[in-house]
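Before any questions on how it binds or moves, here is one chain, the form predicted on its own, in structure tokens.
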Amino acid sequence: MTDKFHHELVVVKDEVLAMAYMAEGMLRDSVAALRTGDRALAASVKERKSALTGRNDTLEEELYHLIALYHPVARDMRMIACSLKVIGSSERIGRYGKDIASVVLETEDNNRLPDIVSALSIPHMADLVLSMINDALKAYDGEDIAYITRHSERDDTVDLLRHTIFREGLSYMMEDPRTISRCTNLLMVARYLERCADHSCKIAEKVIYMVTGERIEIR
């Protein structure tokens, strides 16, 4: 494969990482807005969604162009396949960040939201999910699967947290019907975070395939 191809691939990979960290930033900021009830921060997350989608479309075209122009094989092709998964999953993570931001903007009596958010352990769940996303991106960047060796175990922890949050949320609603609307929204947030963890696992699976040529499923 030509030096020109490899240079272009490195450039695109850097752009893919920039998009992925943009999506991670949207999720991180949406959780921060949820923790504090910061409507301005939540609004800024929603405003980034169209730019994220635009980056996704542009990078997808660039990666397809590399395939059509250079016909890569073996590890080069696996890197492109992995990059496509990274941008696809990142777009979904950013969308979930936008959805969490919408919860902040649409929940009535927003000033009481942070107390329930903390009581339901959503910040802890979010920290775990964000660490999984960051480690998956580090593995992609450095082509080092050491960052993702415990991804399955961490995903199980996130799943357990979602079930715990669901039970605790129901308890809150039964004890105080005035919390029903807020708690229902927060149960959806827990679901969004769980899906973001799943997307980090999909990225991790592709990174392992890119580096080793082995296809595995992280459950």
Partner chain sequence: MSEPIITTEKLNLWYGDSLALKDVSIQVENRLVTALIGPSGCGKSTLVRCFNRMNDLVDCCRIHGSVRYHGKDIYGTGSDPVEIRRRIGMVFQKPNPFPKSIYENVAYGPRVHGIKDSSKLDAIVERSLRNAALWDEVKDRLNESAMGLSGGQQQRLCIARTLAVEPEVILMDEPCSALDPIATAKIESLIDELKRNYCVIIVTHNMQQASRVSDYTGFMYLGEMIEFGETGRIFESPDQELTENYITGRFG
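Keep in mind it's a predicted model, so treat the numbers as computed, not measured. Numbering follows the first chain given and starts at 1.
The same protein has a further form, the form predicted together with its partner chain, not shown here; the description that follows concerns it.
Within this chain, residue 75 lines the site of its partner chain in the predicted complex, having a heavy atom no more than 4.5 Å away.
Taking the partner from elsewhere, residue 209 is found to have a heavy atom lying within 4.5 Å of its partner chain in the predicted complex. Interface residue remark: residue 4 is not counted as part of the site for its partner chain in the predicted complex, having no heavy atom within 4.5 Å. Its partner chain is not drawn, but in the predicted complex it has a heavy atom within 4.5 Å of residue 215.
Contact with its partner chain, judged by heavy atoms within 4.5 Å in the predicted complex, is confined among 22 to 30, 175 to 183, 65 to 73, 43 to 51 to 65 to 73.
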